[in-house]
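Coming up, as structure tokens: structure 1 and structure 2, two forms of one and the same protein chain.
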Structure 1
Amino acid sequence: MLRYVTTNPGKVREAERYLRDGSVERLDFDYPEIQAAELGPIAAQGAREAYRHAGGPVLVDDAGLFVEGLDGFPGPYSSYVEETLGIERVHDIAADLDDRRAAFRCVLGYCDGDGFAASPDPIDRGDRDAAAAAGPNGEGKPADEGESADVLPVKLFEGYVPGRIVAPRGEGGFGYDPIFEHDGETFAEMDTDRKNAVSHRGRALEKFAEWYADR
């Protein structure tokens, strides 16, 4: 049984369309999230936390809205900014910009514990010590998710959709959907199937579902 681990019912509604063969269950667990400038490491670490909690295969979904004219803000901080500023104020800030282009990104992290703790290779060990010496975020070293022998491997799947920030329209979706326009419609004006057909989450889920079916 695969568990799609999220506290967000909007994500579940969209993911169900890809994962509805009965072998997936939702797990409402708020796994601890690290702070990072990129979604990949957040999803990877979240998948490990969720796997440890669930004790079986898990899929986690880390997503965010990246506004071009704000250097990608709120990006990985989208959830915090939605709760604090709110989406109307994000729109107001973007309305003052010349460049209102934005993108949604989604990274899915899958972890099932496979491939863990196999080779106590001395070279891996050296790398790991170097990474530890570099500090908790591995400063000065690129994130190499899943390469060291003592870290649970995670498989990542990414999706992206371009659009622009507009005044809120539409009743559907969740989060920033009313202020994100793609192809003349906001995501909140689209039904779930239409949003999935173009969205960051739909793209990432499609890649995951394909890989999962032939693994």
Structure 2
Amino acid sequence: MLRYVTTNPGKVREAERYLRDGSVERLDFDYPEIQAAELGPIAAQGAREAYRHAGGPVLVDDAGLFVEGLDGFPGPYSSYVEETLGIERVHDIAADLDDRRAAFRCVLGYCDGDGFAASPDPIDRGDRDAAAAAGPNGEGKPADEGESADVLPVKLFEGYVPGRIVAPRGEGGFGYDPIFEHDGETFAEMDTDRKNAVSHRGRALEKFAEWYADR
């Protein structure tokens, strides 16, 4: 059974659109989230922590809004910025920009304790703290300098949807949805099926499901 680590049942329902019915369930696990300038390392470390907790295949996601004219801000800090500044303030900041292009990005991290064959999708093998603690043979002895630290690799799948920042519109969605316009509609103006069909998470899930079918 694949466990999707989230407190949001809607994410699991979205995953079920791409995976077989009954093959994924929600795992409510509050893993410590590292600070990083990119989504990949955050999702990868979360997947490792979740795998250690669950002892089986897990899927973790990290997502953010990246505004071109703000050098990608708020990016990986999107949740914190939403909680502290609010989406209206983000719109106000972006409204003065000549370039209001933006994108929602999502990175899924998958870990099942085994390695992965090479493919176009990236693999994060950066779990060096765990490798140093376990030693080269997992016996608690320090790894020799230059010893491989390739433990608990995580497969990463990215989804991306372009758009632009606009004044808040729409009653649906959550987070930054009211100020993110894609193809003439904000995410908050779209119904669930329409939003899922074009969402960054949906695009990442589609890539993951195609790969996972042969796992």
Ligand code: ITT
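As the structure is a prediction and not an experimental result, all values here were calculated from the model. Note that the rigid core is defined as the largest set of C-alphas that superpose within 1.5 Å between two forms. Numbers follow structure 1, counted from its first residue as 1.
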property: Form predicted together with ligand ITT, given as structure number; result: 1
property: Rigid-core frame, C-alpha of residue 207, shift of 2 angstroms or more between structure 1 and structure 2; result: no
property: Per-residue CA shift, residue 7 (Å; core superposed between structure 1 and structure 2); result: 2.7
